[in-house]
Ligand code: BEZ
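A single chain, nothing else alongside it, follows as structure tokens in the form predicted on its own.
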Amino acid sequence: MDSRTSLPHWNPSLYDESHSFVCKRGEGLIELLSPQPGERVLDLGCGTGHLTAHIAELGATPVGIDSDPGMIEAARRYYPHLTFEVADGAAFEVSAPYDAVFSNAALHWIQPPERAAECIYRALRPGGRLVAEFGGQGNVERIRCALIAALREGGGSWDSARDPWYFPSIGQYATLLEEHGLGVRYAALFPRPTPLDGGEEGMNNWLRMFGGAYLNAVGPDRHADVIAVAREHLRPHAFHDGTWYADYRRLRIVAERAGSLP
């Protein structure tokens, strides 16, 4: 994580109750990982540990890391038989190499991405694999534009240097990985309009959970106003039959570690 921004303060209970789609959508990524019995797997950005536990159920030996102490505390409470550690995704070290690094919906929060790629490389044994999915180019673009418009309409402003997200194209991310010794074997960028939990409150919950950097461009007393205006911008495109939808675009990557760091 660099000096431009900081990760949001996560609420583990709200995350599980109102944003369960994050974990559910990650189950398909585990199929792509195809963890084998006895493999050592590092779950980077493990959150509350549900996907880490799924990996363990398939016979692998996972370790989950996350930068948020509250998430790690919840993961340890849910799965006391597994190992979870607080670690910065752009500055972590491992005591022994892993067969795979798995990451779902986390890498777009971790900056600078070059540091994250270097850490992933060093965490893998030669021939070890990275299997990851996160926000790619164009992810939540409507939501981001609605938030910026709401800030400006309220007399505020938005400095792009505050943007907490890293949403690369396939070419940008493949180049970054290859520059750090990780050869890309598979890459796909695809739209995934995602229904949000909570009915009418779904977008409110999403904006409060994930849009903190934008809301914090104004004082706490104006957060509700910014959310209300952003929702009205979004409603014609993102609210259907009583459900809000986030305009997700996901980047899915499989890469393999080369023998030595360039």
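Numbers follow the displayed sequence, beginning with 1. Keep in mind it's a predicted model, so treat the numbers as computed, not measured.
What follows is about the form predicted in complex with the named molecule, which we do not show.
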property: Contact segment among 153 to 161, 89 to 97, 119 to 127, 102 to 110, judged by heavy atoms lying within 4.5 Å of the named molecule in the model of the complex; result: 102 to 110
property: Interface membership of Gly181, the named molecule in the model of the complex, 4.5 Å heavy atom rule; result: no
property: Non-hydrogen atom contact Tyr78 with the named molecule in the model of the complex at 4.5 angstroms; result: no
property: Non-hydrogen atom contact Arg252 with the named molecule in the model of the complex at 4.5 angstroms; result: no
property: Contact of Pro168 with the named molecule in the model of the complex (heavy atom, 4.5 Å); result: no
property: Stretch 197 to 220 - residues with a heavy atom within 4.5 Å of the named molecule in the model of the complex; result: Trp206, Phe210
